[in-house]
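For reference, the chain that follows is the form predicted alone, supplied as C-alpha cells.
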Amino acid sequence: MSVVGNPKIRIRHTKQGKVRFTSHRDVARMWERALRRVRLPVAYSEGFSPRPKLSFGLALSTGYESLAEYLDVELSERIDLTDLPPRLTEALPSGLEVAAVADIERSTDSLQQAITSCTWEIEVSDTDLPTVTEAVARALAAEHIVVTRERKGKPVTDDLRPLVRHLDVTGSNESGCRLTAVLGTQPRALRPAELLAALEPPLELRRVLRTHQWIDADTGRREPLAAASGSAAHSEACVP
C-alpha cells in the first residue's frame, strides 16, 4: 500500500549546561541549522516565504534543563535513521544531545496536543528539610491551590491543585532540598516556578530538570519517544 503524504520522524534530545539559557525560539533556529548541516531532506511549506516543517513540543522555560525534549520533522523522502542521532548531535551546540530518532505515523497527534504531564526534578535553595516537607504536605492535603495572575490586562484566578499529580521531597543537603513533581499540562501547563510560589511558605527555585514528558493512554502513561539505551537521557532519568 502506498504512503500518502510525506514521511515524518520524531526526535528526542536533551538541553543541558550553558545552552539552558538559550530561548525556545533560538533553540528552534539551532535545529534548523543542524538539519541543514546533516543534509536532512526536510519538507518545506509553500508560499512566498517557505519554512521547514518542524513541530516542537512544550516550550521549556529559559534556564531550565531537560533530558526529554521533542520535535517532529516532516521529510520530503524516507531515509535511513540508523546513524542520524550521532550526526545530529555533532551538528548541534554542546548540551543538545540527540537521545533517539524514530519514524512516526502522519496521523500521530501533535506533541502540543498529546502531552498531558511532565516529570520534574526541582532543587530549592536556602530552605531546611522540615520547612520543605511541611510545605509539600500542606499542598497535597489541600483541596484547592488558588492563584491569581494577569492575562491580557485582567486578573484571572486558577486552581493549580488538579495539575499537581505527584509531589515528593527526594533529597536534601546543606544548600537546600530536592523535589520530584509530576505536573499536568492540560488545559494549561503548570510550571515548577509557579508551583513553588504557590506553596506555603513559598520556596525559592535554584535548578529545574525536566526528566520526562508523558502521554496518557488506555494502557497507562507513556513517553512520546523513549531514549535509546546508553544515552544520557536514558541513564540519568528516573520515574516517580
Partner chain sequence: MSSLWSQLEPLLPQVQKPARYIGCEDGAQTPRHRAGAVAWLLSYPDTYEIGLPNQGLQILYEILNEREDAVAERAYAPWADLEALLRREGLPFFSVDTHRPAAEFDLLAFNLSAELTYTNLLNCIDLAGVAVRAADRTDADPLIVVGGHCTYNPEPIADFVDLVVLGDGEEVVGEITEVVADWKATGKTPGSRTGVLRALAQVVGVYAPGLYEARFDGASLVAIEPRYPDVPQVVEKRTIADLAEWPYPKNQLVPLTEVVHDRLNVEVFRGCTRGCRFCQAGMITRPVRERPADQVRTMIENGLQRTGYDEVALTSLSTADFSGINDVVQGVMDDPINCGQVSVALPSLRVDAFTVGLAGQVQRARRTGLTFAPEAGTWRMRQVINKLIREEDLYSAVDSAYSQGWRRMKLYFLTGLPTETDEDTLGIGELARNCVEIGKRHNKSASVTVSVGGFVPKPFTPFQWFGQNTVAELNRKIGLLRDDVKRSRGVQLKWHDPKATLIEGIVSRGDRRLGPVIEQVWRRGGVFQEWSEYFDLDLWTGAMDDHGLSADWYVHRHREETEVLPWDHLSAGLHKDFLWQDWRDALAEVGLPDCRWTPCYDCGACTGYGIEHIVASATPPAGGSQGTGQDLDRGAEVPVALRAAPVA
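Positions refer to the first chain, counted from 1. Remember, predicted model here, so these are calculated numbers, not experimental data.
The form predicted together with the partner chain exists for this protein as well; it is not shown, and the discussion that follows is about that form.
- Using a 4.5 Å cutoff between non-hydrogen atoms, Ala226 does not count as a contact of the partner chain in the predicted complex.
- Though the partner is left out of this view, Arg37 does reach within 4.5 Å of the partner chain in the predicted complex, counting heavy atoms only.
- For the chain shown alone, Arg29 is a contact residue for the partner chain in the predicted complex, at least one non-hydrogen atom being within 4.5 angstroms.
- Proximity of Pro50 to the partner chain in the predicted complex falls within the 4.5 Å heavy atom cutoff.
- The candidate spot formed by Arg25, Thr62 and Arg207 is fully in contact with the partner chain in the predicted complex: every one of the three has a heavy atom within 4.5 Å.
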